[in-house]
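Just one chain follows, in the form predicted on its own, and it is written as structure tokens.
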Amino acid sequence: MRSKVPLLDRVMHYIVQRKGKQMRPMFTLLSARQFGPLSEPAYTAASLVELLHTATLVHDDVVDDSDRRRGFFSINALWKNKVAVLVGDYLLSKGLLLAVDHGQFELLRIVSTAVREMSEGELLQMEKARGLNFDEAVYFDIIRKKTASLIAACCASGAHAGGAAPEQVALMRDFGEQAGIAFQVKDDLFDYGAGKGIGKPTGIDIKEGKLTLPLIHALNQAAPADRQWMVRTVKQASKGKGDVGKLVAKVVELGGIEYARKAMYDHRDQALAILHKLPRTPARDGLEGLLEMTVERTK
């Protein structure tokens, strides 16, 4: 990630010092290890997915006008939007060139497909949120694209790098997709303070008008009058109006939290069922542990 451009080098250093949990590279490396010893293609795949993920976070902060990321100032907060957009582009190109330079064109195909789906998912979310389309099928279509597609790509690219057969690569992709859906539903629950070690509800997703599973379920259960003010609150929340706290309490009252938690565990169990089609190995145990961490994490 080093660069001869001083400004870019400073930004890269800032990013490296504040890296996150790096769960996606772990999904990649463990998937590769399930099918053989770790090799250069596996490390290339893990590096690519982390560079891509970091690029999307930098761009997301620009889109969401967010000044914080992982408890620190975001790139756009420190260096403004123009620099942040260019840095995100730079990270993406570094990752894609990594695959090209190593001749890993199947890896490039897997990850490029994920990038396309992530972009579609983000745009679909913006479109549906604008029209307040609170349809559960639409919600799952969005998160399958915007979140689960990258974790699916991690597992598929790792399996491919480990020498897995095409049907095994497809199986690992399905595992990653289910794990990714569970991961996103867990993120939804954080907005309502619904998690071990989580404090007061943040209501951030509500304020941004995002579709979340607890809210969708609550709206579908609410009486017409309640639904009307709930929708009105979501519309006004982004403008600093409305009682977000009251809305959160109503979502809890209508069973939105428990419904979403059950859905999260259902997708975790589906992921486990797929994984158990493979022989038990230390790598498979590691993937199970990583999956468990996605649903039990506290941040």
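Keep in mind it's a predicted model, so treat the numbers as computed, not measured. The first residue of the shown sequence is 1; numbering continues from there.
The form predicted in complex with a further copy of the same chain exists for this protein as well; it is not shown, and the discussion that follows is about that form.
Any non-hydrogen atom of residue 104 within 4.5 angstroms of a further copy of the same chain in the predicted complex: Yes, residue 104 sits close enough to a further copy of the same chain in the predicted complex that at least one of its heavy atoms falls within 4.5 Å.
Residue 115: heavy atom within 4.5 Å of a further copy of the same chain in the predicted complex? Yes, residue 115 lies within 4.5 Å of a further copy of the same chain in the predicted complex.
Examine residue 211 and determine whether its closest non-hydrogen atom to a further copy of the same chain in the predicted complex is within 4.5 angstroms. Outside the cut-off, so no.
With the partner left out here, check for me: in the predicted complex, does some heavy atom of residue 187 sit within 4.5 Å of a further copy of the same chain? So residue 187 does not count as contacting a further copy of the same chain.
Within 4.5 Å of a further copy of the same chain in the predicted complex - does that hold for a heavy atom of every one of 46, 171 and 174? Checked in the predicted complex: no contact with a further copy of the same chain for any of the three.
Where does a further copy of the same chain sit in the predicted complex: which of 120 to 128, 216 to 224, 178 to 186, 153 to 161, heavy atoms within 4.5 Å? The contacting stretch is 120 to 128.
Among 10, 277, 18, 21, which has any heavy atom within 4.5 Å of a further copy of the same chain in the predicted complex? Only one option qualifies, and that one is 10.
Would you kindly say which of 252, 62, 38, 231 lies with a heavy atom within 4.5 Å of a further copy of the same chain in the predicted complex? Filtering the options by heavy-atom distance leaves 62.
Residues within stretch 80 to 108 having a non-hydrogen atom within 4.5 Å of a further copy of the same chain in the predicted complex: Read in sequence order, the residues that approach a further copy of the same chain (within 4.5 Å, in the predicted complex) are 81, 82, 83, 85, 86, 87, 89, 90, 92, 93, 94, 96, 97, 99, 100, 103, 104, 105, 108.
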